[in-house]
Each structure stands twice: as C-alpha cells, then as structure tokens.
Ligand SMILES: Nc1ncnc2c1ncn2[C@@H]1O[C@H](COP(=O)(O)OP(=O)(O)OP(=O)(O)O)[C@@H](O)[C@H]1O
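Before any questions on how it binds or moves, here is one chain, the form predicted alone, in structure tokens.
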C-alpha cells in the first residue's frame, strides 16, 4: 500500500463560505508532506476534517486503505493517526510525564470501575503508560524535564511535550499543526531534527507550517492552499518557483 492517507474532493462550508473547496491529495507511506498557505487558506479546517473534529460537506478520506467515514476521532487514534494542535493544550496541574501519559489512555483496556477500585489490572496498565511515556520523552531527549510542570519549562519544550503526547499512541501517521509557531531559531532547528528522528522510525508526517525554511528543509512534497482551494503541489523546489504560489503569498 503506497498511500497512507488519501484526501479526495473534500469540501466544507461555514455560513455559505467555502473554507475547504474540493481539495484532493495523498500522503505516501514514509513521506513528510507539508500543507502551506496564507492565513485563512483552510489548512487547519482540513486537519479538523481529517481527524473527525469537523464533519465534511462532501468528498471522502481513506486511511491505510479504509474509509474513515464510520470512525470517531478517538477511534482514529487506535487505527494509528495522531495529531498536535496550533495552541498548546497541556494541563498545568499535571507534570510533563503525566501530560504525556494522557496520550496513552486510548490503549488502556481497564474501565472506569477498575480505576475507581484501583484494581490490579488498572495498575498494570498505568505502569505500561508510565513506561511508554518515559521512553518517548527519552527518545525526544527531554526526559530530564519529566517531573516539571508546563509553567516551569520553556515554550519550545512545551511543543516537544505535545509531540510526545501524540507519539505515545504509536501512530503510523502524525499530523503536526504549526509545530514551529512561537519558536526561536535554535528551537526550530531542534524541531527539525526531531521531525527527522520521528520519520526515521517509520512514521509518515503531514504538517501545517508557516516557517518556509523548515518546510523546504524537511518536506518531500508540499501542498499549497489559498482561499480553501489547492493551488499547487510538488517538491519544495517546484513550489518555491511557482508563480501562483507567489501571488497567493505576495499578491501581484
């Protein structure tokens, strides 16, 4: 199977305005693909449709060869799709390790009653969650902050913690929504290395990003959206020299 996800003719309107207008593309297995475009182009709306947070008006999406139509958002995580968000969503009352462990809950087989009674079965899965979460923190080279709380760590580390939480469910496809937003140059360089390390583990990646230097240095291919439509797709070198892309970003 060459395609890990295929987006076909997706359309979504809000109040009569098409936020996503007949957009189609696919991500190959083992590919890093970037989704770029000016603000308001419809990129995050499309992410929300892919992850079932929004309902599409028309079109279809298949993941690993199967339609996602019947699945809920949390069920997609079980299938191997995970994501981060533009706005960091860490819980300040939990430390870093505990925040990452939240991403493991989808693998927990114990129910609420087990947790309430602190049954051995639940304790077993809690230990698995902790072990797996610590492994991911170590993989991302941030295990030194496992006991710190979100308000005690720099912004760049918060981004990495959110990525760790997405990785703990062991995704086959990782969707990153503007992971470099708010990062300085050194933090962005660290993020670039992190993306490659994740990709080297066999994870396909689809990312939304405004940092063109990051996009051009990490992506195998790029999709460009403007006003809800796909206006270009191709390797970074093609996108950099595409006249329609230049018009979308810089005007005539």
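Positions refer to the first chain, counted from 1. Since the model is a prediction, treat every value here as computed from it, not as a measurement.
Keep in mind that the form predicted together with the named molecule is not shown, yet the notes after this line are about it.
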Inset, instruction - Could you tell me which one of 41, 61, 198, 183 places a heavy atom within 4.5 Å of the named molecule in the predicted bound form? - result: 41
Inset, instruction - Quick one: from 210, 52, 220, 28, grab the residue that has a heavy atom within 4.5 Å of the named molecule in the predicted bound form. - result: 210
Inset, instruction - Please state whether every one of the three residues 85, 231 and 233 places a non-hydrogen atom within 4.5 angstroms of the named molecule in the predicted bound form. - result: no
Legend entry - Heavy atom of residue 19 within 4.5 Å of the named molecule in the predicted bound form: yes
Legend entry - Close approach of residue 162 to the named molecule in the predicted bound form, 4.5 Å, heavy atom: no
Legend entry - Contact test in the predicted bound form: residue 45 vs the named molecule, heavy atoms, 4.5 Å: yes
Legend entry - Contact segment among 66-74, 186-194, 33-41, 199-207, judged by heavy atoms lying within 4.5 Å of the named molecule in the predicted bound form: 33-41
Inset, instruction - At a 4.5 angstroms cut-off on non-hydrogen atoms, which residues of 180-202 are near the named molecule in the predicted bound form? List them in order. - result: none
